[in-house]
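One chain comes next, on its own, written out as structure tokens in the form predicted on its own.
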């Protein structure tokens, strides 16, 4: 059995507002095993990107980590000083950001941006050695050496995303967080980028946390999946089991939204809208949209239950069965 490399325990990330805290991530617990691909899926506004940034300790005011633990090899990242966390970022845990164009400096050549990250952690490496290392990193993400002397505006969307991946792996981190890495890319380029991410992960022996809303992409790439709704983790399991037999009503509706080549008809959506996190519903946050709602759902907050080995769900449908 693979060891747990990253453990997230009861993590809470809030945004302070004039009318009180907005609970963007609320009591989330999951783990990432060594060499594993774990997906975090959910609608826009479910807290996916906030969670990813919290793991990197990149939440800025008015956001803040209210509580919980982020354990990397047993050490709690939430307890590190900013200088200590600065050394951990990129070297042990790295982020592939969602907006590649917004993440790259438009007036710096690609090689200088890659070198900057390395030098920021160690300025003892000679410039000549760094210049030699850049083409090697670009080759690992399937880009030619000529890209090193180009500016971001000269690259396509897929090439810019690969550059961000090259920066992320420049110090061989153990955990790679990919925040919707195929956003705004066409389907052909999406596949190419994900294949490259998988190859790089295997060559490094790293673990990948893939954040996104594309359930089809999750089905093709990850080993296990966690489903977020309104800042809460509502289901966790192997991707094969979750897609074969989704347990939580929200997960069932998400998977039902996937288009089918066998059946023609209108695209399906989930009725209603996600709740306002400043004033979430009482009880289960999903109950106003749930087709299987019961009387207790609006009154009692369900707990995370392991209904069978490796399958976790937050739903009164399963707490009643156990009772």
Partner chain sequence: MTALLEARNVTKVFGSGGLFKRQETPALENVSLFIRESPLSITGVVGESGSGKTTLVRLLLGFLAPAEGEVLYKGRDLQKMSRDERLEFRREVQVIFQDPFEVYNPFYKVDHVLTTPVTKFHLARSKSEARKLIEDALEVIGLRPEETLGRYPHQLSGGQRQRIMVARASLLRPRIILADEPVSMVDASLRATILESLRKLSQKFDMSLLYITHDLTTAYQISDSIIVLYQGSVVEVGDVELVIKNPQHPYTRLLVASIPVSDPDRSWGQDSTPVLVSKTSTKLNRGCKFVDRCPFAMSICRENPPPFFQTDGYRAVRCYLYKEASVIADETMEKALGQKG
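Numbering follows the first chain given and starts at 1. This structure is a prediction, so every number in the text was calculated from the model and none was measured.
One more form of this protein, predicted in complex with its partner chain, exists but is not displayed; see below.
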{"property": "Non-hydrogen atom contact residue 144 with its partner chain in the model of the complex at 4.5 angstroms", "result": "yes"}
{"property": "4.5 angstroms heavy atom contact with its partner chain in the model of the complex for residue 214", "result": "yes"}
{"property": "Partner contact for residue 70 in the model of the complex: its partner chain, 4.5 angstroms, heavy atom", "result": "no"}
{"property": "Proximity of residue 86 to its partner chain in the model of the complex, heavy atoms at 4.5 Å", "result": "no"}
{"property": "Candidate stretches 234 to 242, 129 to 137, 106 to 114, 78 to 86, one within 4.5 Å of its partner chain in the model of the complex by heavy atom", "result": "234 to 242"}
{"property": "One residue of 206, 164, 194, 118 in contact with its partner chain, assessed in the model of the complex (non-hydrogen atom, 4.5 angstroms)", "result": "194"}
{"property": "Option touching its partner chain, based on a heavy atom within 4.5 Å in the model of the complex, out of 294, 257, 278, 58", "result": "257"}
{"property": "Heavy atom within 4.5 Å of its partner chain in the model of the complex - qualifying residues of 29 to 50", "result": "43, 44"}
